[in-house]
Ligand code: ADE
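As a starting point, one isolated chain is supplied in C-alpha cells, in the form predicted alone.
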C-alpha cells in the first residue's frame, strides 16, 4: 500500500499538482516586497514590523491573492486591476462601482494614515497595499476589459498553450529561473537621485507608465503567436525594471506614511 501511495505522489509531482506555481503573485510580489524592505527608513521599518508582528513585506506580499478563495473577501477582487479602452483615459472612462486598483491603493493609504484605525485594520490594509503596488506595475493589470486584461488573449509559450496575462504573471519569471530574493538582490544599482526621481509622481502617474507598457505589449504580440527566447530578450529587462519600480515606490509610500 505504501508503494502505491509513493507512485501516486510521484505522478502528481511530475504533473505539477503538488507544485505551487510561482508567479507575479508570488515570486514577483515577493521580489517587490524585498526591494521595498531595503529602501525603508528605520522609523518606517520599525512601525511596519510592529503592525505585521515581525513579518517582512516579502512575506505578506501574497496575502491579497491568498484570501481570494474566501467568500467574504470577494469584494476585493476588482481592486487588483483597472481596465479601460486604449482610446480613452482613466479619468474619462466610467468607474466601476466595485472599485479598482487606483481607489484600492488610495483606500489602503488612507486607512494607514488614520489614527483612529485599529492595528488589525491597518495590518490588513498594509498587506493589501504591498500587493496592489506590485499589481500596479504589472502592465496587464492596467489592461482592456474585453479580453479581461489579456486573460483571454491566447498565445503559446514555447510549446505550451497559455494566455498573454499568464506570460507576464508567470511564464517569463519562471523562465528567468531566479528566486524572489535573487531577483531583488540583482536589481539594477540606482543612485539616491534615481530613487528620488523614481518615487516622484502620483499613483495615477505610475499607472499610466504601466499603461504605456501595456500598449507596447499589445502592439508587439499577436493572438496565437508562439513566444519564447526572442520575447524574453525583448521584455525581460522591462519585467525586472517594473519589479524594482514597484518596490522603490512602495517604500516611498510607506516612508511617507510612517516617517
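Positions refer to the first chain, counted from 1. Note that the coordinates shown come from a computational prediction; the quantities given were computed from them, not determined experimentally.
Another form exists, predicted together with the ligand; not displayed. Remarks below refer to it.
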Single option in 140, 104, 133, 167 placed near the ligand in the predicted bound form, where near means a heavy atom within 4.5 Å: 140
Interface membership of residue 81, the ligand in the predicted bound form, 4.5 Å heavy atom rule: yes
In the predicted bound form, residue 179 touching the ligand (heavy atom, 4.5 Å): no
4.5 angstroms heavy atom contact with the ligand in the predicted bound form for residue 151: yes
Stretch in contact, per heavy atom within 4.5 angstroms of the ligand in the predicted bound form, of 141-149, 171-179, 154-162, 185-193: 141-149
